[in-house]
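Below, in C-alpha cells: the form predicted alone, a single chain.
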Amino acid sequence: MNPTQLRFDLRLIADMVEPRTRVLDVGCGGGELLKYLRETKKVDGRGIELSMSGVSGAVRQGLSVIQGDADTDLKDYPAQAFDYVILSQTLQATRNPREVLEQMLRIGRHAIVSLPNFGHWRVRLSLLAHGRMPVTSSLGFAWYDTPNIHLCTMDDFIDLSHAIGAKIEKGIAIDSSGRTRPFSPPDWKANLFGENGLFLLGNK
C-alpha cells in the first residue's frame, strides 16, 4: 500500500508503531491503517468498527475486524493483550471518553489517540466573531448533526491523561496545512496552533 494513499494523521500514527507488535485499531473504518501496518510493519493487527459497511470492507481485505462499540466492548478484552491500542479521530464521538481511554491503557501497553483541537485559534476566533459553533476542516459538521459529542482542546486531553495516571510519551500538533510540531506539555503554542493533536500514551 502506497503511504500517500493513507490519511495524513494515520501515517503519523503508523510511524509510532514498532514492527511485529500487537495492535488493536478501535474505530478502524475499512481497515486502511491496519492494512498498511500489516504490509509495512508486519504487525499482528485486530480492529473494532461500529459500522457494518466498514467491517465488511476490512474483512474483504483479509483483516481481522469485528463489529463493536468503543464505549461498551473494550472491557471484554484481557489486560495487556496488545502493545498498541489506537483511536483515531473518534474519542470526541464516544459517550464516556475517560472510560474509553482508561480501557485502552488497561488492554494495551500504549495508547495512540488523535483528535480535533477545539482550542485552535480559528475555532476561538469564529466563536468570538460570530458567536456560533464553528465549522472547520477538522470539525466539519454543523452543531445539530455532528457526531462529536465531547469536543475538547488539546489541553483538556492532557488534563484527562494526567487525571487517569497516563504518561504522555509523545505529543504532536498538526496545523491546517499538515505541518507537524512535536511538543511536550505544557505548551500553549501547540494548543493554539494545532488543528489536530496526536498523542502516544503509556502507563506510569
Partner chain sequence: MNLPPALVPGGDDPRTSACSTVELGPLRLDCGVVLDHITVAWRTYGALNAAKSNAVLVCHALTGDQYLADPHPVTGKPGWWHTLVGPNNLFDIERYFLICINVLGGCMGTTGPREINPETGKPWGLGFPVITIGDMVNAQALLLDHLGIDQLFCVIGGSMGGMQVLEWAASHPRRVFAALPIATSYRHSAQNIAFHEVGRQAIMADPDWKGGDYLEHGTNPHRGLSVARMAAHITYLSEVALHRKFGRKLQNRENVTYGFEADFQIESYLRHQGSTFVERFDANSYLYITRAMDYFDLAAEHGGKLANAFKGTNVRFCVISFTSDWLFPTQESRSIVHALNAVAANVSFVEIESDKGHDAFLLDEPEFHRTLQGFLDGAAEQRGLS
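None of these values were measured; they are calculated from a predicted model. Numbering follows the first chain given and starts at 1.
A second form of this protein, the form predicted together with its partner chain, is not displayed here; the remarks below concern that form.
Within 4.5 Å of any heavy atom of its partner chain in the predicted complex lies no heavy atom of His150.
Contact annotation for Thr146: none of its heavy atoms lies within 4.5 Å of its partner chain in the predicted complex. At the 4.5 Å threshold, heavy atoms of Val55 reach its partner chain in the predicted complex. Under a 4.5 angstroms non-hydrogen atom cutoff, its partner chain in the predicted complex lacks Gly131 among its neighbouring residues. Screening Leu63, Ile168, Ile172, Leu160 for any heavy atom within 4.5 Å of its partner chain in the predicted complex leaves a single hit, Leu63. Screening 151 to 159, 173 to 181, 47 to 55, 28 to 36 for residues having heavy atoms within 4.5 Å of its partner chain in the predicted complex returns a single hit, 47 to 55. Residues of 59 to 78 that come within 4.5 Å of its partner chain in the predicted complex, judged by any heavy atom, are Val59, Arg60, Gly62, Leu63, Ser64, Val65, Ile66, Gln67, Gly68, Asp73, Asp76, Tyr77, Pro78 in sequence order.
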